[in-house]
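A lone chain, given as structure tokens: the form predicted alone.
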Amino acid sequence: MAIDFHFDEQQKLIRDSAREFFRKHCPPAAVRAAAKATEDFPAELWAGMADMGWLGITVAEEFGGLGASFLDLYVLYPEMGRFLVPAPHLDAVVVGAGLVSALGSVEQKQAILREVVAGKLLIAPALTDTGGFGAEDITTEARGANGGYVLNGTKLLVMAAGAANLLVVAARIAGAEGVSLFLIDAAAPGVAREKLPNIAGYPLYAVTFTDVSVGAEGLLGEAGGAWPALEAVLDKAAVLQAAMVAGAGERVLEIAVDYAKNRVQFGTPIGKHQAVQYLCTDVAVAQRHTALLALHAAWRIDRGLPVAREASLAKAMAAKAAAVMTFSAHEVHAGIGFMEDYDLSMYTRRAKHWESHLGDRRHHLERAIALTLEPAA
């Protein structure tokens, strides 16, 4: 089957609209301010994204969304990376709302998704316990009690938990096999949210659950049966994370090339030197590889084809590229690239988070190898 790497007219329109919207609302000064603000993200930016329909692109029309394709959503993400958009779209919409769409009952979808699409309800996925990325690394315990459950455990690196209304929590039911997901009110008794300092400037939290009660209606999907759907949603998110890295790489390359052209030493622009040209080439190659792998995986998702291996390959490449692109750009700039008020430093800080978010390079390479060696069904 031939792969079409071209976007259709609707996708081009969404991409161009996103670039203009983010250019206006996310200039470097606004991104810096958001990283230092007490709020998790700018409320007016989120409201604007809701007005544009971007909080419900792939949500079914019957639940208030646009019911559009994955590629219609994909085209937003290189632009989010280029402008370092300070909004939790990937975690809250793609993962959080995506899990509700995949596993929720009709009643849960009606109650939650319309509010998400309108920008009135924020979901924070609370999935990571120990830092690992597989099903075996989920250790939070859910104990059956009074017809419902009681949860205990701590989740790490939960994006925008401070602003969240609802948490999607991965846990294991005591005495049962498999991973389960629970919908928990972020303000419920026993839920504690602690903001974590981090180099990226993201609103990341540790969320601790101490004897948190949730009724049977808070179970998302079947008890013990959530992992396949969770893994599929995380694969989609990994592809979009890779697209974000590729979009950021385009801007990092522009910054590096502009500096190489305009920085003059001993009467000559430093870009005249092959060593500097090689560094810029390293940025370009890493960016292009990431973009192609991400788009290939997105195309497969759009066609309903198996994508686990391709998603892991794209995310593994993105994790490597996030490091390579920023390192090479700093080599071009020398010391000035580390100044806080110089734009390159913002990309470098975000890149440290992107390297491990949704699985680091080693995890995804090992997963891709295992899937490649897996015997055909």
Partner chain sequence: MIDFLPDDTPELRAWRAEVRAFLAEVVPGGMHFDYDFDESPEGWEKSLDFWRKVGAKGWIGLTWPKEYHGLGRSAIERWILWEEFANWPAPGFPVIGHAVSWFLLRHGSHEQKLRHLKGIADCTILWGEGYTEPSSGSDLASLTTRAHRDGDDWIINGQKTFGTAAHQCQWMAVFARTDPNARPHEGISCFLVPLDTPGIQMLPMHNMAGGQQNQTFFENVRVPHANLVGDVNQAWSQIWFHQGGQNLDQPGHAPDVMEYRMLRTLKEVFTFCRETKRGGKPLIEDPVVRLQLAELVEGMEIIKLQSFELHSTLVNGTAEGWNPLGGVFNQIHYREFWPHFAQVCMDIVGPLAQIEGGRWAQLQGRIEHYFRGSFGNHAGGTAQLKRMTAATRGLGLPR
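In this text the structure is predicted, and so the values were computed from the model without any measurement. Numbering follows the first chain given and starts at 1.
Beyond what is shown, the protein has a form predicted together with the partner chain; the following relates to that form.
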query: 124 to 132, 104 to 112, 156 to 164, 256 to 264: which one contacts the partner chain in the predicted bound form at 4.5 Å, heavy atom to heavy atom?
result: 256 to 264
message: I'd like to check something about K24: if you look in the predicted bound form, is any of its heavy atoms closer than or equal to 4.5 Å to a heavy atom of the partner chain?
response: no
- prompt: Is D40 a contact residue for the partner chain in the predicted bound form, using a 4.5 Å heavy atom cut-off?
  reply: no
field: Close approach of E366 to the partner chain in the predicted bound form, 4.5 Å, heavy atom
entry: yes
task: Answer for T210 alone: is it within 4.5 Å of the partner chain in the predicted bound form, judged on heavy atom distances?
output: no
- line: The one residue among K195, R143, K120, K272 placing a heavy atom within 4.5 Å of the partner chain in the predicted bound form is K272
- request: Name the single residue among A291, A87, L220, A171 that comes within 4.5 Å of the partner chain in the predicted bound form, judging by heavy atoms.
  value: A291
- request: Could you list the residues in 62 to 82 that come within 4.5 Å of the partner chain in the predicted bound form, counting only heavy atoms and keeping sequence order?
  value: L71
